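First, one chain by itself: the form predicted alone, in structure tokens.
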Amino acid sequence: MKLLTPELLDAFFATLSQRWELRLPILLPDGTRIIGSLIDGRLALHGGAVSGKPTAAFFPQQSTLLSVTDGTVEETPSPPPLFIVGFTPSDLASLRFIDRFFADGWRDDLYFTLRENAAIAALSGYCGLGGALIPLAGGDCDLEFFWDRSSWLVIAYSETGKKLIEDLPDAARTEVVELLRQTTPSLPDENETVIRAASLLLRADRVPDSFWAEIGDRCIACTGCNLACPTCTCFGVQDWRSANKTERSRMWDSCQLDGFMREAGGHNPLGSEAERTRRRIHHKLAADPQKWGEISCFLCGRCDAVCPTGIGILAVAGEIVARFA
């Protein structure tokens, strides 16, 4: 375990930038924290989960599949290796899930070209919003930065991680192991209990259509829930043409939009907002447990934070449990 004092942060990341493309939590002028580049804002490791989906580093909102100019397919340059800081434990669980998703059946080379060429660093300790504790991740990443209220304790979980911090001084504090043990939660989170209870009710078909009509009436189709969710993976493919060039791109799609499943003949299997809203919640709490063996909401809280009408997944799960349990 290594020690990284606040005074050494800038030098540490400057050294890494010589080999890696850095993506870090930064503070934008409007006060928003995102994972981005230091040229876009100042470093902001404190504050908990960042806005927007952290998995966008590997599944960007828009990505080019191929370009064809004058009938010739252009060579795609290899992306630079990424060093990404800012994943919380729930973000890491989300990343683990979409790794499984993109490897299932046809392996998604576009995703894994970025994913396997990256080093991941989690943030934990007393660096949450207002100094709140973020539990120790304990793995699923190359490095973990644990804020103990004065310095960052840096823990390596992979050979790549060990090499990245080999020049940092060792953490010589005798209380480190006990501190890490004490900050590992021993009881289930209250929100996790609600999500699991709602999942059981959905799988038992205890939630009537009238409930989804009510929830759907509150949806304004802003798509903020999908854009923020680390485990949303729906995308569409489009071709863009100019005089001598065709570019095929894929972009995030949203199951809350009317055209999400509309077919060429005009039929729409999800023709109402009630059906689309039901799909969004049912997918993560009922369909995914059946297919993958786990709920695909990892309680990052982003959809509840961004939804202007209060129908984020935890809010809806709470209503399901309160009314149908």
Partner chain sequence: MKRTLTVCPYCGVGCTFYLVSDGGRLVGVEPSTTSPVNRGGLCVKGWNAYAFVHHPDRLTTPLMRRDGVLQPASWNEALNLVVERLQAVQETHGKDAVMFASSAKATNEENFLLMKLARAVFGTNNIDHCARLCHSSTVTGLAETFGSGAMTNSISCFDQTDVILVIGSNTTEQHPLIGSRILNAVRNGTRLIVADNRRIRLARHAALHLRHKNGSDVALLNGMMHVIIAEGLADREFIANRTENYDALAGSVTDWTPERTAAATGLSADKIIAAARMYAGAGRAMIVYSMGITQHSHGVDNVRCIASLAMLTGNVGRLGTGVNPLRGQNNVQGGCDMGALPDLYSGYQKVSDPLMRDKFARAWGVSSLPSEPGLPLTRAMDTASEGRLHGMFIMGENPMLSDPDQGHVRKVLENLELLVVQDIFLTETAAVADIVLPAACFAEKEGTFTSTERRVQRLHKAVEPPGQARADWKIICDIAERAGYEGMRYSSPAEILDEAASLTPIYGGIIYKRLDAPGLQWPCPDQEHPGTPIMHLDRFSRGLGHFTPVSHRLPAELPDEQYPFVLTTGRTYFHWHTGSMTRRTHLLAREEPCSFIELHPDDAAMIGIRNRDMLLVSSRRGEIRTEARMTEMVIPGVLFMPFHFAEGAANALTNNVLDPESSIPEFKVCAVRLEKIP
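Residue numbers count along the first chain shown, from 1. In this text the structure is predicted, and so the values were computed from the model without any measurement.
The following text describes the form predicted in complex with the partner chain, which does not appear among the structures shown.
Contact annotation: of the candidates K162, R149, R100, R241, the single residue with a non-hydrogen atom within 4.5 angstroms of the partner chain in the model of the complex is R241. L28 is the sole member of A44, V68, L28, L299 with a non-hydrogen atom lying within 4.5 angstroms of the partner chain in the model of the complex.
Only one of 136-144, 200-208, 116-124, 251-259 lies within 4.5 Å of the partner chain in the model of the complex by heavy atoms, and it is 251-259. Here the marked residues A49, R196 and A286 all miss the partner chain in the model of the complex; none has a heavy atom within 4.5 angstroms. For the chain shown alone, D217 is a contact residue for the partner chain in the model of the complex, at least one non-hydrogen atom being within 4.5 angstroms. Residue contact check for Q290: none of its heavy atoms lie within 4.5 Å of the partner chain in the model of the complex. Using a 4.5 angstroms threshold between heavy atoms, A132 stays clear of the partner chain in the model of the complex.
Contact check for T223: a heavy atom falls within 4.5 Å of the partner chain in the model of the complex.
Looking at 265-279, the residues that come within 4.5 Å of the partner chain in the model of the complex, counting any heavy atom, are G265, G266, E273.
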